[in-house]
Structure formats: C-alpha cells, structure tokens
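One protein chain, two forms: both are listed below as structure tokens, the first as structure 1 and the second as structure 2.
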Structure 1
C-alpha cells in the first residue's frame, strides 16, 4: 500500500472535496433513495443513492451487516425495496421479474448446480434462453477458456477445487453476455493466494468483456485493487463513494478513514478556521492544525484523522506543523516495518508506523517522544450535528 500512497501524493495536492461522479454518460444502474427494512423497525438499507455507469466496476465495501448483500439482492430482484426506486438500463426494476433482468450473478458459496456437469452449468443460462445446441457448445468452450478451465467441462462441480468452482461460477455469470454482473463476496471462501490470483482474473475478464460489475466485499484491499469506484457502506447507508484513490487519500468521514487503511483519530474542538485550514484543540493544552475538510463552526467538535505512515517520531526540528508529546505504550515488530503505540493529548491512542524497523530499536516503552506530521496530511472530519452547524 505504501507504493499506492506515494504515487497518490502528487494528486492529493489539488484535490477537490467532491464526490467524483462519473458524470457524462447516463447512469446504467441508479438507486434513488432506496430503503429496505426486513422487520418494519430497523432499516437494513437506509436512503441509498448510487449511480453506476455502463462498463464500470463498482465495489460495495463495508463491515458485516452493513447492507451490501441486501442492496445487491434488491438489484437482482430477490428482495423488494421498502421505498425508493432502482432503475436498470432506463427502466424501473420493480416491473421486471428477476429472471428477465439479464443479470449474471456470482454467489459467495458458488451456487453451482451439483447435478450438472461444468459445461452444463455454464450452458444453463444459454439453454434457458433457447440458444441452439451448437452455439451453446461454442460459447461454453469460449467461457471455459476465459476462466482457464478448458478441458474440465465434463467434470461435476464436486470434482473441482474451490478456486476452480468459483471460476466456473464466474464463467456461468458472463457466458450469456449480461448487461450487468453481480458478485457477492465471490472470493470470501478462498485462501489469500488464490484470492489474489482470481482478483486479477476478474479484473481481466472485466476489461476483456467490458461488462458492468457490481462487486461486494468486506476486504478493503480487494476493493482497492479491483474497483473503478468504491461505495463504502456502514449501518445500511453509503458513507462515501469514489475512486480507490479518493477513498483512501481523501476520506470524508472518520469511519471511511478508519475502515480503509488505518487512521489515527484525535477528537477535539475547532478553535479557529482559516480558509482550508483549521486549528483544533485536543485534550486540555494541545492544539493541532489540520485541513478543514468537513467541519462545523468554531466551537463545534470534530475528529482529526492522520494515517500512521504520515507521522514521524522524534523528527529533526523545523518544518513540522504539528508536534505532540506522547508516551510509548508498545512497540510491535512487523518485519518490514514496526508500529509504536503512543498515548497523546489526554491519553488518546495514537499509532505511528516506523518504516525502517531498525529505527524502532532505539525506542523504549515508557519513553516520552515527539510525534510530528504535516497539517496537509491530517483531515478534520465529522462535524458534530448536535452542535447544529453543518459545513
């Protein structure tokens, strides 16, 4: 991730704090103010607005129970929205039964048909569309080649490994050239190596076929690797939509900042504001400067987020906007780097990433150190709505 970060550094200088909508083309899939409740009391999906362009790869990313699958199921037609509307290719889906939506779907547990061979599985969407036998055979062969399983068409799904089964599921979902492919944590059951390999293949299939893909995962690195855009879900709603870079570099709230990558969060109160900078009081007697990304008026509470890799311990003096004194609690060695956990400003937890772990050996737990970072690397977020001031 360090590579991504440094590559993004230049971009971060002229950022705009806007959701980068893909703009020009009309949306192919559009959620407008969609809500879904299973029990009539709590909302599993709350006021979701989401526009997806044709050919886009959009990932729904969020913790367990945040409403990702529910959103996908509403799009596929297996759940109906409680309110709001979903438009697919210009038509409201409420009037299209699920089997007429022309959506290919890949499920977390593969959902292959155990009584059919691999070839019959892949040919299924074609045969229910009345495609001729010979054409089915050709397309199935092509799809098998696409997922690199040529020659395994005669096997039963149970005779394949997990990764192979998942590739069959992908082939089956794309063989009928659907307008849209939905994937619900398709790689969740696989080990890390296989997952990375299949991520590349899914990416390749996406660019080969130019199909629109909506992908669900709770693995942030998977989302960053694959997606054109990421919609970060939490508590049934979308917290932020944007390209992987935007999501990582310019989180709009501390949930996104902490869910994607890692972030320190210092809670405090805005004491002054100056253009796109602000000064925040944290703890009793420390103030820091941060970018005023989303804050209320002076006096409102806010959270300042700083990524651990942007913090330097005991820096050479000069040129630092923020320097805090902290007490080292633990130092953990990670091989290619080390992490120090500090207590700063009235014992808020603060993590520092030390990129050269050899430097960490000079530090001892219980020692008092200086932690420093640039104001441009920290973001003041989460205006407190209780204070009644919106940005």
Structure 2
C-alpha cells in the first residue's frame, strides 16, 4: 500500500482539482438507473448509473453489503434488475440469460472441475461452443502461455497451488475471447504476497489482451493497483467514481475519504468561507484552513480530512497554512516509514506518517510537538461518513 500511495501522491502534484473530462466515446457497458430489491422494499442496489468504456479496467469497491457484488451479478446475468437497464456492446442484456452474453467470469473459489485436467478446464468454454478439437488445442496453448502455465496442461487442479489454480481460472475466462471479463474477489483466498503477485499478473493480462474488465473487491490497495477507474459503493449506490488518484487525493465525501486509505478527520464548525477555501474551528480555540469541498453555510458542522503523509512534525517556520499543537501518544516503526499518533484540539486523534523512520528517533512519547500542513492538502466535507450512503 505504501508504494501505491507514494506513486499516487507524486502524480497528483501535476493534476488540477477538477476531475478529468468524461470520455465522449460510447459506453461499452452501461448501467442506467439500475435498482435491485429482493423483498420489494429495501434496495440492495439503488439507482446506479455507470458507464464503462471498451478496454477499461473498472473496479467496484466497497464494504460488505454495499451493492458492488449484486451489481456484478446483474451484469453477469445471475440476477435481474428490479428496474433500470444494463447495456453491453450496444444492446440491452437485462433479460438475456448469462450464457448468451459472451462474458468470462472469474470467482474467488476458482470453480474448476476437479475431474478435468488443466487443459480440459481451460478448453471447456470452447468445447461447449462447438469449436473443433485442433482449434481448442491451439487456443488452450495460447491461454496457458498467457498465464505462464505452459507445460502444466496435463495436471489436475488439485496438483496446483492456489495461485496457479486462479491463473487457470483466468485463462478459462479469456480463452474464448469474450466481450467482457468479470472478476468477483478473485484473489480473496490467497495470502498477501501471492495476492500482490497476481495483481500484477492480472494487470499484465489486461494490458496484453485489451479486454474490458469489471472487478469486485473490498481491498483498497488492490483497487488502486489494478484499476483505470474505481467506483466506490456504499449503501447500495456509487458514492464516487474516478481514477485511483482522483479517488485517493480528492474524495468528495467523508465516506470515501475514510474508506480509501488512511485519513485524519477533525470535526469542527465552519466560521468563514472565501471562494474555494474555508476556515474551520477545531476544538475550543484552534482554527484551520481547508478546501471547501462539501460544506454547508457558516456555522454548520463539517469534518476536515488530511492524509497522514501530508503532515510534517516540527517543520521549519513559514509556508504552512495550518499548525496544530499536539501531544505524542505513540510512535510505531513500520520499516519503510514510522507513524506518530497525536492528540490535538481537545484530544482528537491525529496521525502523522514519517516517510523516513530515522527522523522519528528524535521524537518521544509524551512530547508536545507542532503538526503542520498546507490548506490545499485538507478538505472540508460533510461531517458524517454516513452522508455518503444512498438515500
């Protein structure tokens, strides 16, 4: 996660506050006001609008019960929308059965046939489509090479590691050249190191094939690593969609700010506003300046978010819009960085990420320090993370 965040931060310095202009190309996949209810009352998916371009890698990210998997199942054809429409390659598929959608699917549990060899598993989608034996063999060999399993086609799935089995599942999903590949938490059963390796493999395969991929995960780091764009779900709807950098650096509400990565949150009250900046009272007597992203009128409550890596402890004087006095409670060494947890502004918790952990050696628990950052690195948002939920 640390490497991903560093890359996002470096690239973000070259971006403006505005999101990238939307593409004018026709959508390859499109959800239009899609709703799903299982009981006729509660919406598991609430008014989802989503357009995905051909060849894009889009991740549906969110906590359990947020609507991301149900949305994927509707796109796959395993669930039907209660209302709204889903379009794939220019035609409505809302009432078309799964086997007629030309979609490849990768599941968390691999879903391989244990009685078949690896080659037979990969070739199965071709066989059921009536493809000739020699063509099947050629396509299976190419798919094995794509996922770097050449020479293992004769084995059974039980003779492979978990990571190898998932590569077989990916090969099976792409061997028949589908219009779209859907992946539902495909790496969730793997350990951290193997999961990170396969993330890079999936990214390479996407680049090699240029196929459109819709990917579901609750893992933020995975979404940031893989995606062209991320749709953040909560409460059945999309709370924000954008590139990984936009989602991380420019959250539009408190839910996204708190769910993606790590973020400090300081609760306060708006005391003035000047254009796109506002001043917020934090605690009894501290005030800070922030970007006014999603706030009410002067006097309204707000929450200000600041990423820990944007804060400096005991900086040289000058050039800082915000300086808070804090008491160090803990200092934790993480190898490539250190984290200091402070209490600021009436005992609100505040974390500072120290990129060079050697600089943390001079800090002591119980010490009073100054925490400083620029107003452009903080965002004043709705005060309640639940405000990002669907109505």
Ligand SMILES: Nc1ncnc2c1ncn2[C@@H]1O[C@H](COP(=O)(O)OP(=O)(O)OP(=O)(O)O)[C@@H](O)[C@H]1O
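Treat the numbers as computed from the prediction; the structure is a model and nothing was measured. Positions refer to the first chain, counted from 1. Heads up, when I say rigid core I mean the largest set of C-alphas that superpose within 1.5 Å between the two forms.
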With each form of the chain shown alone, which structure should be assigned as the form predicted together with the ligand? 1
Quick check on residue 298: with the core superposed, does its CA move 2 angstroms or more between the two structures? yes
For residue 331, does the CA position differ by 2 Å or more between the two structures when the superposition is done on the rigid core? yes
When the larger rigid part is held fixed by a C-alpha fit, how many degrees does the smaller part turn between the two structures? 11
After fitting the core, how far does the CA of residue 40 move between the two structures, in Å? 2.4
Core superposition result - C-alpha of residue 358, shift between the two structures, Å: 4.5
